[in-house]
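Taking the form predicted alone, here's one chain by itself in structure tokens.
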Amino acid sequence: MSALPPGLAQELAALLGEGWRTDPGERLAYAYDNSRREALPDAVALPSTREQAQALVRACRAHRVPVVARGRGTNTTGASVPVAAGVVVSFERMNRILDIRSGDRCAVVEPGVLNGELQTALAPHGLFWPPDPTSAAFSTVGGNLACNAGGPRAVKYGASRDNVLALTAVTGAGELIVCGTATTKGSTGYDLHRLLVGSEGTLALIVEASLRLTPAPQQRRALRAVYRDVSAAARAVARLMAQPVTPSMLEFMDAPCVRLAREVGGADLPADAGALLMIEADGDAATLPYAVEALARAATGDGLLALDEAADEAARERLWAARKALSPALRTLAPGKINEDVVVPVSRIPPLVDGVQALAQEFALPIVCFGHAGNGNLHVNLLYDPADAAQSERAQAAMARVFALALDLGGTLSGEHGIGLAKRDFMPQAVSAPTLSLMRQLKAVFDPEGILNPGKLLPD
């Protein structure tokens, strides 16, 4: 049975009709996300309009009932798990692309639109939306905005926060606000729309977004550079990012990743490879060869073992095969995986990777690193058996040490996954006490009763 106040349940059932779910089986489908954490909500709401979303929040505020916004649950930090029960608000029915204004390079969408579906709709216009997380085919724009999703293209085109113009949202007080402007320049008051991006549904529920679009490049070319060790690869990353041509992708794999891709995934890579960079450039047919040449020069230096260039799309796919082989290969090592992203300055990538491997030895667990080298944003994948209590305990302790290591190196807890539940308790290490206090004050302004996604992002 639902634990909601009877008056609230009746009010929301009348408001939402078939979009109001209290059956235990249906609630269970919205109880977990890709973090594998789980907590059963009291009910699930599927609004179809912003007016319904606003009325829902107002009703829940009056009864002090938690409200947890949800896209498709692809996040890995537990950000959409309803740990305080209450109402999960799924935006799967608010999934319309409202407008595509090619001349303004702007798309107006509802939060339930899938990233992949948006890209398909934009392609005939010669445009794309830059955020491209691994889950793009299944994740929603609202979810991407909630955690400031990025992906490989962020090195050149930025993450979600850099590609949104305006937001319409419902605050925890039930007020409908419009933040930003659907123009590429604006200096009218506080930058509230960028504040909402990455706030994980703790400040407001996004019900509409005006997105900044980018012209699709005519062509793409890829390079694969193999290095003796991580230090040589990191020096190459510094050279690549210091010269004028910005790569459209710059991906890193450490030695365990390379070994897995070769031995399990069948990728054609040297046996003595200590690190790998996947470098990609995009542009028009006239200038792209010069960009590729510039990137190849920057990639060349002490410690380079091999540099391969893709002459066509088929060759490009073959070069990327090593990266694509990685995730299936990881599954052969252990049944469980903790995948957390941390960020350090590019120059600190070697001590981060070396420190992670030292932790792998100390805790007797495989840990592999790969990710977006141009941003210093690496995904640390800790492999273990969840059924083994001792391994699970060591895995959690090791990951805490990874976070501490990233902070000691001048980095931060997340580049694109967000904080959610997984990293919430580490926030006091990453953010000063006065800054945390200001964050809590902002939370109180947007959400006076504290009903929006309680227990996430900010520590108790």
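Sequential numbering from 1, following the sequence displayed. Since we're looking at a predicted model, the values are computed, not measured.
A second form of this protein, the form predicted in complex with a further copy of the same chain, is not displayed here; the remarks below concern that form.
Although the partner is absent here, C147 lies within 4.5 Å of a further copy of the same chain in the predicted bound form, judged by heavy atoms. The closest heavy atom approach of R194 to a further copy of the same chain in the predicted bound form falls within 4.5 Å. In the predicted bound form, at least one heavy atom of L458 sits within 4.5 Å of a further copy of the same chain. Using a 4.5 angstroms threshold between heavy atoms, Q10 stays clear of a further copy of the same chain in the predicted bound form. Of the candidate stretches 384 to 392, 350 to 358, 87 to 95, 154 to 162, only 154 to 162 has residues with heavy atoms within 4.5 Å of a further copy of the same chain in the predicted bound form. Using a 4.5 Å cut-off to a further copy of the same chain in the predicted bound form, not one of E117, R224 and V402 places a heavy atom inside that distance. The partner is absent here, but in the predicted bound form a heavy atom of L176, alone among L326, A310, L176, A334, sits within 4.5 Å of a further copy of the same chain. For the residues A59, A53, L413, A398, the 4.5 Å heavy atom test against a further copy of the same chain in the predicted bound form is passed only by L413. Residues V343, V344, P345, V346, S347 are the ones in 329 to 353 with at least one heavy atom within 4.5 Å of a further copy of the same chain in the predicted bound form, listed in sequence order.
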